[in-house]
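Quick setup: one chain, the form predicted on its own, written in structure tokens, and binding and motion questions come after.
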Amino acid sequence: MDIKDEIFAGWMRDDGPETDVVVSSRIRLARNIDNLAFTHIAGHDDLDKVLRTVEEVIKSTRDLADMKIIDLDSLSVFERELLVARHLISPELAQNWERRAVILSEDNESSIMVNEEDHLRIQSLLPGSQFQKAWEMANRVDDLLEAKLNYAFSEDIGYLTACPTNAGTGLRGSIMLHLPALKRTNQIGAMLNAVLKLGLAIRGTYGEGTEATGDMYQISNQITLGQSEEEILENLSGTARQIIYQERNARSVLLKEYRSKVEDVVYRAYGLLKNARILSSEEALKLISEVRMGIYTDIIKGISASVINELMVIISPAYVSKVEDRELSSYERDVKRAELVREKLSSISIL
């Protein structure tokens, strides 16, 4: 399987609600199979049994049979890391890949990680602010699996998970937000502090343990026990609405008071992306963030946000190395990254 040729994932589209601020919405459900050791203490036989059991259920369930089962053992390190860059698997699964798998829907909007921290991590990932639809998609897959699998479940607690923080509903919702104006108006710190006080977590681009890059922030629930799925989703959606309002207001202020400066930042960023000969991943993400802001403030026309989202994958070290199919030095990656970005933007004429 050539993962390199499958760059596009559903969340990269720019046709979701509120995509000027919300890049994507994700729902993840943690589930375990009863009477099998949790992944972190499971032996090879148990891990293999989970894989075989889940694969048999997928293949024998009509509404799931079209999903693609990818054995992570069969992929190169670059291909596994590319799945991380596309937000289809977690960094943890890419690093601990033996006897693990990911199961993907044709459009990559639904996926199932097998033998991650829990036996099953059912995920749906959509562009823009679409918590309800993402929940319905993940819940549908969960129901189909639960019809044939005996989940570890307690009447008092709910779904049992490897980490107690996921027990109960097992539901983690997260929203990826692009907040360049709040950052530039020095409001980002106060906003993030307010989010933390609401009991929500703030993570980086690739989830837990990663840093925010390119003005991208993931906000997710921390509590899964003692709240219903509806309460969790409403809390996240309400917080997202407030942040969207604040970011849009900050963009309006910037354009009203410093339009020429904002335009200069945006056009310089686009010029560098289209012409640079050396690009680090950190610089590329910063420039992509600035161009994305230009697209949604109508400073730049003729380029879609979906192209910018694709660039976020193209600039990843995994993609750059996969193109060459070898380990590259930092300098070689920076040169190749700039070349790939120039190629992607070469046919685009902005207005």
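In this text the structure is predicted, and so the values were computed from the model without any measurement. All residue numbers are counted from 1 along the displayed sequence.
As for the form predicted together with a further copy of the same chain, it is not shown, yet the points below apply to it.
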item: Heavy atom of Glu283 within 4.5 Å of a further copy of the same chain in the model of the complex; value: yes
item: a further copy of the same chain contact in the model of the complex: Ala276, any heavy atom under 4.5 Å; value: yes
item: Residue contact check: Val335 to a further copy of the same chain in the model of the complex, 4.5 Å heavy atom; value: yes
item: Proximity of Arg268 to a further copy of the same chain in the model of the complex, heavy atoms at 4.5 Å; value: yes
item: Non-hydrogen atom within 4.5 angstroms of a further copy of the same chain in the model of the complex for each of His44, Leu51 and Glu55; value: no
item: Position in contact with a further copy of the same chain when the complex is considered in the model of the complex, options Leu272, Ala194, Leu254, Leu149, heavy atoms within 4.5 Å; value: Leu272
item: Selected contact from Glu106, Glu231, Glu136, Asp264, since only one has a non-hydrogen atom within 4.5 angstroms of a further copy of the same chain in the model of the complex; value: Asp264
item: Residue stretch of 255-263, 157-165, 232-240, 119-127 approaching a further copy of the same chain in the model of the complex, non-hydrogen atom distance within 4.5 Å; value: 255-263
item: In the model of the complex: members of 323-350 within 4.5 Å of a further copy of the same chain, any heavy atom; value: Tyr331, Val335, Ile350
